[in-house]
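Coming up is one lone chain in structure tokens, specifically the form predicted alone.
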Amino acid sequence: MIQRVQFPINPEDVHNDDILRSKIKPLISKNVESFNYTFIKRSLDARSKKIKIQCVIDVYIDENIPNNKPYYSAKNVAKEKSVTIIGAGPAGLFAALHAINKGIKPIIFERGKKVRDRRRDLADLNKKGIVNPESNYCFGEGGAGTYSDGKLYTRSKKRGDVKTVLKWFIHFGADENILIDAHPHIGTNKLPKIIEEIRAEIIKHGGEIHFNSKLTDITIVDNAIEEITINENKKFPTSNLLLATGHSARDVLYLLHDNGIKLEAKPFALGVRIEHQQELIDKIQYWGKKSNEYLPPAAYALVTQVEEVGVYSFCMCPGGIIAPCATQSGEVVTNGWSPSKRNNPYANSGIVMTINPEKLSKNYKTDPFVGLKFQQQIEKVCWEKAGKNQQVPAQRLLDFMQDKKSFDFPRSSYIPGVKSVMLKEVFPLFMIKNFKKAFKDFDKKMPGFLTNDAVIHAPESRTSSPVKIPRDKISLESPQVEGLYPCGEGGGYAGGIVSAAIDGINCMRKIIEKIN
């Protein structure tokens, strides 16, 4: 018999077997002396000064805990029908995993380099300000999340099976705790090895992955995909193309537009990345306490409405680092990441607001690029204001609130460095007003958040794509072009590692249904 129980426990006792059993026993059937148990969910509850871990546990009475491993299996697909995938981020890789699981051969073309080879380009970007437009934090094996995220939390539970994605990550090397923790996190230091294992699995079973292979053209005949061009001169016939290029492949969007494929301007998020000392966030969230071996570095999630516009925290990184995420010279972009231990002294988060295309231009229905152009404009202004390198415009938080120029800064985790710029010179007035009102509201929710020791870095501009590639809700195929499947963040259908992976699986499932 299996019985599910739920109870709070002190953080220091969550791994103590004797205490756990003493908590479980009064909650299960009477006269049971022997039982096994396994965690289903663990979540930190700091709503009161008595901080607890809320536990959901399955208790196995008179039976053993089943071993459901392995979580993933594959077939040899070397001689099977194939599907072409553009992009080796989570959408593309998980689509490929689903393909070899079902007996279909995936052929992946990735514009960037292998995950380990990206490191030298990231080092040049951080230390020298040199942007490789094909290999950076956004482009390359593993996608944007590999070196600038690592978080697996998603609200997209209605879109697909989140547990399947998490189990596949575990199969390829992630910690089993990602199935249990309410906000699972792998860590940027561990993701590259997992991505390598996924690649090895795909190749081992007959799939193909081609790096330094950029989509430069598509051939459409009688409203159907017939051929793609890679690196300007290599032609590959294909009748099913899964397009999983990520949120920063602007050239692909223009390529589609030039080929007569309809695109739509969509709401997107844009803002800043703010950095506090992690110790301050711990004290705010933990009632004056510091994080310790039982309490992880504290996180936060903030949201408010200003003038009917949502302003919210995004990709909050406890113990994290702010990274330069530009994809070409002449622009500045920030993002954040955390190592698995989250042991850096800084806490950073994107603070972004929803930008609706109709606010930017009356022509948003005929010009799908109004949001993208606005995004580019902000990134270019930041580049110019900060000295035309990878330094970012920055302002202390209270200075920003009081319209004062910042003359010095606490140390920042952003390696290229910061430059004092009045952010009202970077963002339009409506954004400045909304940010100021939002920060006041955030300080009410987290007293102490408004401090001049916090620094705003600009911009956080790649949280989501400002362009959507329309697709049919049932078939997930382009209504205009047979065989074209827009997918993941680049298509406007996902917003993180897990949701992109789910969308990749869903699209590949539809392609396989069609093939079969």
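Don't overthink the numbering: it's just position in the shown sequence, from 1. It should be emphasised that the depicted structure is a prediction, and the values quoted were computed from it without experimental measurement.
Keep in mind the form predicted in complex with a small molecule is missing from the figure; the text below concerns it.
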Counting only non-hydrogen atoms, choose the one of 333-341, 304-312, 196-204, 274-282 that falls within 4.5 Å of the small molecule in the predicted complex.
333-341
Which one, Q390, S148, Q375, Q395, lies within 4.5 Å of the small molecule in the predicted complex by heavy atoms?
S148
Considering the small molecule in the predicted complex, which of Y346, F400, Y137, F169 comes within 4.5 Å of it through any heavy atom?
Y137
Output flag, G350, S420 and P459 jointly within 4.5 Å of the small molecule in the predicted complex, heavy atom basis:
no
Residue contact check: F442 to the small molecule in the predicted complex, 4.5 Å heavy atom:
no
Using 4.5 Å between non-hydrogen atoms, is S213 touching the small molecule in the predicted complex?
yes
I'd like to check something about I502: if you look in the predicted complex, is any of its heavy atoms closer than or equal to 4.5 Å to a heavy atom of the small molecule?
no
May I ask you to check whether A249 falls inside a 4.5 Å heavy atom distance of the small molecule in the predicted complex?
yes
